[in-house]
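Shown next as structure tokens: one chain only, the form predicted on its own.
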Amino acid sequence: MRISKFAIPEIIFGRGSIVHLASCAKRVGARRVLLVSDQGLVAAGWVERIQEILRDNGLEWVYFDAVHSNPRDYEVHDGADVYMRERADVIIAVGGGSPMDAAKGIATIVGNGGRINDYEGANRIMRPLPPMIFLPTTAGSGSDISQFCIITDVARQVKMSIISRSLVPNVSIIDPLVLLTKSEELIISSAIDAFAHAVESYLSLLSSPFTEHQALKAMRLIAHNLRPALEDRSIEALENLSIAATSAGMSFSNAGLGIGHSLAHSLGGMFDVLHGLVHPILLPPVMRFNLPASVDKLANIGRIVCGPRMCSNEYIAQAGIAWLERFFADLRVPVRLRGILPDSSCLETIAKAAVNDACTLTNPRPASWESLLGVCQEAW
């Protein structure tokens, strides 16, 4: 067996676990916190609740919310300027993947200097980062668990993948009660993002017994709990989606992803589309592309979503992909690229950008830009 590693933050999980924020912050040395979030969470009341917890425990904070849904490079530098000017000592991020990725970018610049695009790729962060505590408010991105940070390079129209053990936060506080305030669209897009994390990390060339178990658990939980979470906001189902997102985050952080995320990053960099809603479109054709290299693993996924069958591995693998296509269509989300892009003339550019993404390296089947274009054409 090859050598593998498995890195995760300290995880505090459960209903009402948000109350432990201040004690965690003090434990890593906080006196004056940079609180990173976005406008949507202000409206939901969670930012005010967090500020109240910090205030009641004698902690000062500086608030930064100038973050887009796909965080930009200049927003990272603006946030780093605020951190240093205000003499903050710990970063707390509250929100979905965008505030958390922005916080990771801010921490990178604070600790290492330079420009954020200096760190594109793997293992380029050489100096320690300030302590980070994350509170995810969606069950999907996995940024509170992972070694990944995705930032848009505005000039190049590229979503950069920055990968480093240094980007794993010190503490992740996961409170499923936060999901009760989320819209149906956000619950769907987050859950499908987590499902894609689980599938691609399970198939990844770097998968290991430590990641595969987490990936399979995530897929099973999402397949069985997304509908109950949407139909009646079942707290048990929402809690299971939170567990699934955490498990998927553990898996992809340590195993990497594949060409589905390479293409999603390329699409997001060019068109600023919501990341989670790209995967219902791309995941089935990506799974078909990988079938020749991963038939046994795709058969295992097929058995999770379709149930046990007495049939060949290839048959149940194909049946699983077809089940996912029906599942996504029933959720009333876009399932063709033509539903989110103006025309097909951009597909070649998307494919050529995606082939250089770090996620392409761990895809189980080698992919050229021409084969990525074929995936996009199938998804059109």
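Computed from a predicted structure; not experimentally measured. One rule holds for the numbers: they count along the sequence shown, beginning at 1.
This protein has a second form, the form predicted in complex with another copy of the chain, left out of what is shown; the following refers to that one.
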item	value
Partner proximity in the predicted complex: Glu75 to another copy of the chain, non-hydrogen atom cutoff 4.5 Å	no
4.5 Å heavy atom contact, Arg27 to another copy of the chain in the predicted complex	yes
4.5 Å heavy atom contact, Arg85 and another copy of the chain in the predicted complex	no
4.5 angstroms heavy atom contact with another copy of the chain in the predicted complex for Trp369	no
Listed residue that, although another copy of the chain is not shown, lies within 4.5 Å of it in the predicted complex (heavy atoms), from Arg288, Arg124, Lys217, Arg303	Lys217
Answer option from Ala102, Ala264, Ile91, Met250, heavy atom within 4.5 Å of another copy of the chain in the predicted complex	Met250
Full three-residue contact with another copy of the chain in the predicted complex, heavy atom 4.5 Å, for Ser4, Gly14 and Arg165	yes
In the predicted complex, segment of 195 to 203, 91 to 99, 130 to 138, 236 to 244 with a heavy atom within 4.5 Å of another copy of the chain	236 to 244
Residues within 4.5 Å of another copy of the chain in the predicted complex, restricted to 197 to 216 and counted by heavy atom	Pro209, Phe210, His213, Gln214
